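Form predicted alone, single chain, as structure tokens, below.
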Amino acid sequence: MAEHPLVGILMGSKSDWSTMQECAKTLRQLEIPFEAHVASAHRTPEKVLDYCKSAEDRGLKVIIAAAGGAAHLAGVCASKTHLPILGVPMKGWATEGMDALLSTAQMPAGIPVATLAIGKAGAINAAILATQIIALSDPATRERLLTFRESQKQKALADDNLELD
């Protein structure tokens, strides 16, 4: 989905796509148009800065930034736009994502990043949170979100039908 994207997904490296495709899948399910790009805060900082500076003019409402290790991507994005930035820490090679979680969550006062869970759960929740933000000003998105939430509820209720020995 790239026609008139409302959400931008940025990943620090292509390897993050294996997790962030869950974010994309959830956005598709909620019918939220998005775009996804690889842009590293350390290896391609100019690309990140240009992307964030032009995001609002291109119609984006939310940026989801996923990175592992030092995980500075979300903070760099937040420093260059007033749009909401949702940070998704990726599992890394040394501390199972705790380094990325702390790097993403420990932003200085005045430059907020909404930090989600590490990995797949964070990717999915970032899509849902982005949808919630968009739903504040879009009644059709609100209705799709409420339908999605009801389906989650019904699935949880159906899962409660266990046969215990």
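Source: prediction; values computed, not measured. Numbers for residues come from their place in the sequence shown, where the first is 1.
Not on display, but discussed next: the form predicted together with a small molecule.
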Looking at 113-121, 61-69, 24-32, 46-54, which stretch has residues with any non-hydrogen atom within 4.5 Å of the small molecule in the predicted complex?
61-69
My question is simply whether Q152 lines the interface with the small molecule in the predicted complex - judged by any non-hydrogen atom within 4.5 Å.
no
Contact of C77 with the small molecule in the predicted complex (heavy atom, 4.5 Å):
no
Taking the small molecule as it sits in the predicted complex, is I85 near enough to touch it, meaning that at least one heavy atom pair lies within 4.5 angstroms?
no
My question is simply whether S15 lines the interface with the small molecule in the predicted complex - judged by any non-hydrogen atom within 4.5 Å.
yes
